[in-house]
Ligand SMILES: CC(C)(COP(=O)(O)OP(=O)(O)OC[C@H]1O[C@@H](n2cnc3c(N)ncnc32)[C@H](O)[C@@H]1OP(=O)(O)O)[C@@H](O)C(=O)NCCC(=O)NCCS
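One chain comes next, on its own, written out as structure tokens in the form predicted alone.
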């Protein structure tokens, strides 16, 4: 099976944020963000150079994956991706995100980006489940995922290796039948602003 181009996707528009496919022009921002100590704590060492970043972010990987720059009013603030957990079926998707700009953190933008991609995955792509797997120590991320409607299914020990250390994963999911309530909470919070 050939894997899709991770940049071949239409933009995904939310109420405030826009998720647009990554381009080669975004690589310097990605490299800068990935060198931020707060990002490195959970993502490990950044790509060594622009050539490696190009390979990681602009070329197909092991699963069908699409990668986006998260924009707040046109300003790039982070990276988000979604992928199909199984190469032969599109019923379950996984997502990953980081907010790279330090002044954009703790402002609800990560939660909104997650909600935006959830709406797209559930309502446009028709997935049944969306998965995310932060490290249990990443409380900031877990709070954002819970606000978006994810529930903790359990902790998988030694789920991934980041550089030279093993990392556990807090396996979190949201199901298609849970999305309407999560979406209603989102829209309710938007109206109260």
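Numbering follows the first chain given and starts at 1. Everything numeric here is computed off the predicted structure, so don't read it as measured data.
Another form, the form predicted in complex with this ligand, is not on view; read the next lines as being about it.
If you check this ligand in the predicted bound form, you find a heavy atom from every one of 42, 99 and 134 within 4.5 Å. Contact annotation: this ligand lies within 4.5 Å of heavy atoms from the stretch 141-149 in the predicted bound form, the single such stretch among 49-57, 121-129, 141-149, 64-72.
Contact annotation for residue 76: none of its heavy atoms lies within 4.5 Å of this ligand in the predicted bound form. In the predicted bound form, this ligand sits within 4.5 Å of a heavy atom belonging to residue 111. This ligand in the predicted bound form comes within 4.5 Å of no heavy atom belonging to residue 90. In the predicted bound form, residue 38 approaches this ligand with a heavy atom inside 4.5 Å.
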